[in-house]
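Given next, in structure tokens, is a single chain: the form predicted alone.
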């Protein structure tokens, strides 16, 4: 049984790498089998189709991120600004470790929007609700919560999605761009305060 678990995990790890690198349409089952160090027949024994394997990889990536964010958002001891700071930190940390993830998620959503529903992601709804509650209490400025979140998430994602273009336009070497990514958290958190603090 131990061997089965380790083989399955090897396949999932290999599939994650190939899907994120190639996207769904570019990925081939043979590539995944080769990367996992098994033959294609064994890959099909564990996972009958590329679609099923893709869904599992997508759900796994979502589960890596969600618990950390959800625990912060549901912590009653933290203020809204503290929760948003922690959200930004967790989000940027995940993107630093998975820089190709945004393109993977965007292409996944374009290909199959239903996957996001099946992942049962709640944090968006919770953040909107928290912002609306604080507006009603008068602790933050009156903002459109959806516009605010669209800008906030865009500020986190764009440095990763737009890296090749931004680096080329501004002639930034790898080290210079890495410094920008390191400093990004403070810039985004400053934006949160600028927009929300009365």
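Bear in mind that the values here come from a model prediction, so they are computed numbers and not experimental data. Residue numbers count along the first chain shown, from 1.
Here the subject shifts to the form predicted together with a further copy of the same chain, a form of this protein not shown in this document.
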| query | finding |
| --- | --- |
| Contact of residue 49 with a further copy of the same chain in the model of the complex (heavy atom, 4.5 Å) | no |
| Touches a further copy of the same chain in the model of the complex: residue 133 (any heavy atom, 4.5 Å) | no |
| Contact of residue 25 with a further copy of the same chain in the model of the complex (heavy atom, 4.5 Å) | yes |
| Residue 60, heavy atom within 4.5 angstroms of a further copy of the same chain in the model of the complex | no |
| Proximity to a further copy of the same chain in the model of the complex, single hit among 68, 35, 141, 44 (heavy atom within 4.5 Å) | 141 |
| Partner contacts for 82 to 107, taking a further copy of the same chain in the model of the complex and a 4.5 Å heavy atom cut-off | 100, 103, 105, 106, 107 |
